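Just one chain follows, in the form predicted alone, and it is written as structure tokens.
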Amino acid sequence: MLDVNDVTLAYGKSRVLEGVSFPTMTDGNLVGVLGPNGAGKSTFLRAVSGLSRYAGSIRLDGKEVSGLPHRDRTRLIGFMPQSPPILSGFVAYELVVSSCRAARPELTGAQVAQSAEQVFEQLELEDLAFRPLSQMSGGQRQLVGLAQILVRDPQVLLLDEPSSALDLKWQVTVFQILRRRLQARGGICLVALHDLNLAVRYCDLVAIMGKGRRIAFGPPSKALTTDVLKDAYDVSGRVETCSKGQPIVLVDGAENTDSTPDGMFKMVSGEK
């Protein structure tokens, strides 16, 4: 179980989220962490992983994440940052095996090799196993980054935009793999993403953040209402049902075309 209560996150003196709480997330949950740029999605995942300081309480099975020894956090929680593994001369297999050895020192060499081979097969990366990262695309390196996390078999997966560099087939494939993994061995997976239709199709729950607070939480077909889309994203939109009975998010337009994404400069006449 993952409990998040009254959590406040900040960059220096600037608060990103304040007093955020969510209902308990339980075994088998795939949770989409949604919100506009600058909403605090990445910062929130880093806090859950124990890599960022926070005020309030984040508990995994009743234990405060910030109080867990480093070895326990590494074993229990797998965090995949948004940036894929950097270009280097290392081959994919070396990185995946090293990740497993670091988090699972109790495994024998044969067990580590078997786990790595299973993950490469699961992600259909056999052809890339012995290719240097310097010869891979951004999407291929992103899949290698996911393999580094899956091979460790953590209880909690924290994935920051795991499909951002992937084409349509691989976006869908990644979420199908995550669903199968949760069904087979349990655990909890939190995924920060911008694609709302991936969220409504594959996530059990969505946590929608923006403007320094929690905007909504619950099953995606119920949480992503017209009012929530307007509040979180400043757009006019709705959730409808397709011909196969699946929910789909439709966006009709931006509510305020003069707004500027967080972190960008707004250019006006005579101003730089």
Partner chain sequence: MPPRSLSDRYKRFQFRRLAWLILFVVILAVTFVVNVASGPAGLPVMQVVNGLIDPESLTSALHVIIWDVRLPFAVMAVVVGACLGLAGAEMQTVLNNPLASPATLGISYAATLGASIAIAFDLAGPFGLPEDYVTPLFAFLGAVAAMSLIQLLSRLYGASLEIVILFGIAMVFALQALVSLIQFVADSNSLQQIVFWTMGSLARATWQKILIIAVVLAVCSFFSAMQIWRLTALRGGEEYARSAGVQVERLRLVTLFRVSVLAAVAVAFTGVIGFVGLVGPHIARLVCGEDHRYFLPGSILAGAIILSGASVASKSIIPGIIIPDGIVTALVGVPMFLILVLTQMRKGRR
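Residue numbers count along the first chain shown, from 1. Keep in mind that what you see is a predicted model, and the values were worked out from it rather than measured.
Just so it is clear, the following notes concern the form predicted in complex with the partner chain, a form of the same protein that is not shown.
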Scan L198, A165, L123, V91 and let me know which has any heavy atom within 4.5 Å of the partner chain in the predicted complex.
V91
Flag I215 as yes or no: does it have a non-hydrogen atom within 4.5 angstroms of any non-hydrogen atom of the partner chain in the predicted complex?
no
With the partner left out of view, is L95 within 4.5 angstroms of the partner chain in the predicted complex by any non-hydrogen atom?
yes
Is it the case that S99, even though its partner is missing from this view, gets within 4.5 Å of the partner chain in the predicted complex, heavy atoms only?
yes
Evaluate D72 for contact with the partner chain in the predicted complex, applying a 4.5 angstroms cut-off between non-hydrogen atoms, and reply yes or no.
no
So which stretch, 198-206, 170-178, 183-191, 113-121, is the one near the partner chain in the predicted complex (non-hydrogen atoms, 4.5 Å)?
113-121
Sequence-ordered list of residues in 112-151 near the partner chain in the predicted complex, where near means a heavy atom within 4.5 Å:
A113, E117, F120, E126, A129, F130, Q135, G145, Q148, I149
